[in-house]
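Consider the single chain below, provided in structure tokens and representing the form predicted alone.
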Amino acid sequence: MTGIPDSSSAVSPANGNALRSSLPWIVAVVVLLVLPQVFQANSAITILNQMMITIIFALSYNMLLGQGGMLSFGHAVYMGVGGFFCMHVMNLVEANELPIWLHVLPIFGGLFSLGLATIVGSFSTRKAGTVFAMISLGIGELVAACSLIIIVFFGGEEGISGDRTYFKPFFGVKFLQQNEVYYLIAFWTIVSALLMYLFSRTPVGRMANAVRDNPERAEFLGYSARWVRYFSFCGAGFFAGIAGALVAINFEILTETDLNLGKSGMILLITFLGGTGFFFGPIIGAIVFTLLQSVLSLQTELWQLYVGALFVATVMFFPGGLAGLLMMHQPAMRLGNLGLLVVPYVNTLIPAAIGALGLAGLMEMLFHVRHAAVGDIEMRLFWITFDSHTILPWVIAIATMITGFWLAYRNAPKLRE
């Protein structure tokens, strides 16, 4: 006689899949709740806030590049205008004492950027590729120039500032402390990331991938490649506006640098660094870049050179980004052979890191000799103070660089195998 499984003791495959799908989001929420308890300094909280804002901004850009195949050089415009609009709302609340919670301010920024995206997207998404990239570059330069001309909205070179504490208190919270702002940004980070992930699972999100890979075939199947790109473009603009609103809340000031070409290039670098082929790729890129920008910049003036070198190395050797590099290990993990990679990694990566440190030391000494004041011959590098005008530090740096890179090059074939 055929037995009927007990539903109370068995977990259906659908429930198991739902649990596995929701597990990363649960872990993310727990981590965001715990982080302020681990890093309690205001400087650390500020870095975490910047990191979460960059995550939203990078995920919104990935809606264009990673999902829709639209290379944009002006995506910072939508973050910037959303932030500037929220600064005006913030000043309006301060002047008129409007009963508005600070929690809803990102919606204002998102909707304002969405309005701009619907206008720009109506003509820029007709074509992809070079045409779209050049239009986005032109729009970015146009808005950046207008930010210095239209002072009534952008504030000119000084920008627009405001005060978030004039909003209606939320259960007694007036957002005077950085940790209070942290939880607000964390809330919008989870909500925005979840909504963007759900968008990628919708038919429009799926068709964006098809239009990215083969727009002619998508048109042949009856889908409008232009409209698919348009919806993705508008969604990306909306979430970029949310990121801009969070910038206004966190820093309480916006300037022209928040929407110029440099900011757009930065988010392009972050997204490529993390990996455009995976949803969590821009998240990794945002975390790594924010740490490099905030921590490494305190140690050296050449931090942008190192970030650029990391970006070039990623594009050359790991086109899938850091996320693609991690996913390369999934088959080995599934087969239980991940432990076999430990020894080749140690034999290759440790010499490579030593060689990179030698190269960094050489670059730092060159910079010090070239830009130091007259008579300033001492420099501190890797917690060691020495005379940069003697021959011994140069010999050590060159020997370390050559030896490390040579050992890494010799052991690389074993790692590749």
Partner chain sequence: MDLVAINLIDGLFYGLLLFMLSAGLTLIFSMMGILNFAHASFYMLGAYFAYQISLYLGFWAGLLIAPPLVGVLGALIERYGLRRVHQFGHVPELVFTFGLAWLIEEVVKFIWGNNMMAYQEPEILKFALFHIGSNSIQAYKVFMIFTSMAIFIGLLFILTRTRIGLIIQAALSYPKTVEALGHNVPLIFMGVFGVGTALAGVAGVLAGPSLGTFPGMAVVLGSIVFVTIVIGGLGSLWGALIASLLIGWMTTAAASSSFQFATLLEFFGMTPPADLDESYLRDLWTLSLPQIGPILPYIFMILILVLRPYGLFGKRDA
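All values derive from a computational prediction rather than experimental measurement. Residue numbers count along the first chain shown, from 1.
Just so it is clear, the following notes concern the form predicted in complex with its partner chain, a form of the same protein that is not shown.
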{"item": "Its partner chain: the contacting residue among 116, 266, 204, 93 in the predicted complex [heavy atom, 4.5 Å]", "value": "266"}
{"item": "Candidate from 199, 231, 278, 272 lying within 4.5 Å of its partner chain in the predicted complex - any heavy atom", "value": "272"}
{"item": "Triple contact flag 137, 152 and 315 to its partner chain in the predicted complex, non-hydrogen atom at 4.5 angstroms", "value": "yes"}
{"item": "Exercise: residue 302 in contact with its partner chain in the predicted complex, heavy atom 4.5 Å", "value": "yes"}
{"item": "Partner contact for residue 307 in the predicted complex: its partner chain, 4.5 angstroms, heavy atom", "value": "yes"}
{"item": "Contact flag, residue 65 vs its partner chain in the predicted complex, heavy atom cut 4.5 Å", "value": "yes"}
{"item": "Residue 170 within 4.5 Å of its partner chain in the predicted complex, heavy atoms", "value": "no"}
{"item": "Heavy atom contact within 4.5 Å of its partner chain in the predicted complex, the stretch among 232-240, 215-223, 106-114, 123-131", "value": "123-131"}
{"item": "Within 44-79, the residues that have a heavy atom no more than 4.5 Å from its partner chain in the predicted complex", "value": "65, 71, 73"}
